[in-house]
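What follows is a single chain, given as structure tokens, in the form predicted on its own.
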Amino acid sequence: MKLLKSLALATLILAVAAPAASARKEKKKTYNHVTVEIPKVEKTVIPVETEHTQLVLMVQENGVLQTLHYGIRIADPQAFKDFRTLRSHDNGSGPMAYPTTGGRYIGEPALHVKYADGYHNTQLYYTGHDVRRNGNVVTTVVTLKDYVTLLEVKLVYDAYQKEDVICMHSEILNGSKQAVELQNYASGSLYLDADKFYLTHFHGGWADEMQMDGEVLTHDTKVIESRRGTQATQCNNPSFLVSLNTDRLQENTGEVVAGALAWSGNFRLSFEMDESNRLNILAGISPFASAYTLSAGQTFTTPDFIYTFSGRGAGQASRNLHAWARNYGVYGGGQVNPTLLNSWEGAYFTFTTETLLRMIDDAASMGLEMFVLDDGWFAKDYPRNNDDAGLGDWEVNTAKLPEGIDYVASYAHEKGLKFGIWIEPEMVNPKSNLAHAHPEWVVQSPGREMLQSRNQWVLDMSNPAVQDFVYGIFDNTMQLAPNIDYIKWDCNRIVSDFGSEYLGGDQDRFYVEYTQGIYNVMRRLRAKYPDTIVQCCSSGGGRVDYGALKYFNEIWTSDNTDALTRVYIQYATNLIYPACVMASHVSAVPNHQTGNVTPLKFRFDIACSGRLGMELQPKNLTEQERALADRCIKSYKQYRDLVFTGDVYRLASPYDGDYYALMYVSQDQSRAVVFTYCTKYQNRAIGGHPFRMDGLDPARKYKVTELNVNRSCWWGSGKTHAGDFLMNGGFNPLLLQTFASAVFYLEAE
């Protein structure tokens, strides 16, 4: 994992520019009975650049920092020095790079501060900036100051050159002698200029996460916000795509800005189209019930706001984000993780040691590489035989597993498999020894009913003692057997009636410090267990964000394992997050969530477009199904490195028609894998459906082979074809039936 955030790591100072502060002084002005001097500065262009994109900041003569351009890189950014928008500023202060409550600005603020004297006005002026480079990352830090309140803000922009991604955050310093209250404290502001803005965002619920939604933005403000505390992303996601000058999302053409917030708690994205038709995007922690007191001399650092610009539609925007994620944003990003059999849907809470050993035998003989023991293995006094007891008591249930976890794990290792295990460390059942011993550790509001969800309460992660306990759950679980390879970390409910006995009278800090508490624990765990694969699960997709992915290798995309539903969930997830993090499992039919019955091959072909796993009882497969499963698992290993590290190209959207298709291409364009699916019966007169492949070298020839079938659905399988032929209508597999699917492997000759 490459962590290049610290300026202390910088090896080359490119520029240090604080032209101004030496300069002329304005006349003294009096504000709130305090006499101050606002320095006059020279107009200064500050470019934040990647290989192909450019964010241009401008310091105006009055010291105000503005955003003038974000898009294609311009050879000479200094050309913006004399740029004029010719728009009236009577009702505002122009496109401020970090707008505040105060002065002329009347829109949505990135920063809203209430001071000790009760006033709310903040006016930030430029005092200097510096630019430093560390390998692929160029970091620009712009310092702004309010000369009345002595509040200081550093805007930090990390520009990832090859990936064309910018990550920004703010560092807010209270330079006064009295505490202040941060009421809004966004990570960043991004102004866009276009004739039209089309917003793509995501909504859903349990077993229905990451459903794509879109709309043309109109004047005023569109807000996407989570107030769930935990499981912050299950009903929406802190990410978006904005298409410029169009009324729809286009895959391969047009200008698109895609962004995401690296935060696992309550978040807020706002999209404000002002009276001058500019769009201001703000991304940050939700201010809901989270006014944050900043003591004198204290600094608050916001999470990263990650964004990229594409001139080639949503496809290139996704590839930019995915490349950044694999290199910087995902723990162990790009490493190929093992295929696995998870015990949950195959056994649920009802299992014995013998049940698990036989599942391990099956997993090994099928060619899978890991066995994961899910919920139900722990608690003695309140045994975990269903979901109403045992959470918090993390000792092995020896009545169910008398030989212990080590016996099961060792058996898996003897069979050549890795071994993983499930925990839910942030939660506690009322029926547990922990709940009886430490009721003060439970999130609660005094005098009110302690509401349950899934028969459990939430532990107060803002409390350092609880953080130590949660760290201990993970640490002690790892000691149950030598070489536990994988932890599935779950989180199965939201926060309700929030309150912390530990925080006392400062409850506004709860939501922020809960999330920071999780990160504190994960930092400690990663220091001790750097090589353990950890999955982030939260009733499925309840914690899918780049804040969590700094510490987790993968996500459980949804509890819904139905292949048809996963078509839409995985398509939308892949717009923002790379395939290497998407755990996708083959389960039994009728599906346990939807009742749908889909062919086994369709289920495998969907699951193989992410990290392949199985979530069923293998002994229930027929001989024919077992042979197909063995075949699909074997072929997956032939191309899975492409799924984990290749560039994605989406060939057909299930939201636009009856087909879904995508492909992953190696960085050197020598290999590719193509997935094609039909979701609705087609008239036989239609014939083969043309999919235009992408990302290949048009001048090279590729041998194309359909996998896992005896008879191909495409006339060209087994033959060699030119790249330009495959990319321009020559590829037309025959997919006529609902749930027809095909996977093709390409290799350059």
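Keep in mind that what you see is a predicted model, and the values were worked out from it rather than measured. Don't overthink the numbering: it's just position in the shown sequence, from 1.
If you look for the form predicted in complex with a small molecule, you will not find it shown, but the lines that follow are about it.
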Open item on the list: I'd like to know if residue 375 sits close to the small molecule in the predicted bound form, meaning any non-hydrogen atom pair within 4.5 angstroms.
Closed with: yes
Open item on the list: At 4.5 Å between heavy atoms, is residue 611 in contact with the small molecule in the predicted bound form?
Closed with: no
Open item on the list: Can you work out whether residue 641 and the small molecule are in contact in the predicted bound form, taking contact to mean some heavy atom pair no more than 4.5 Å apart?
Closed with: no
Task: Partner proximity in the predicted bound form: residue 537 to the small molecule, non-hydrogen atom cutoff 4.5 Å - done: yes
Task: Option from 212-220, 516-524, 618-626, 488-496 whose residues, in the predicted bound form, bring a heavy atom within 4.5 Å of the small molecule - done: 488-496
Task: Heavy atom within 4.5 Å of the small molecule in the predicted bound form - residue from 362, 559, 272, 225 - done: 559
Task: Among the candidates 344, 300, 147, 551, the residue which, in the predicted bound form, approaches the small molecule to within 4.5 Å (heavy atoms) - done: 344
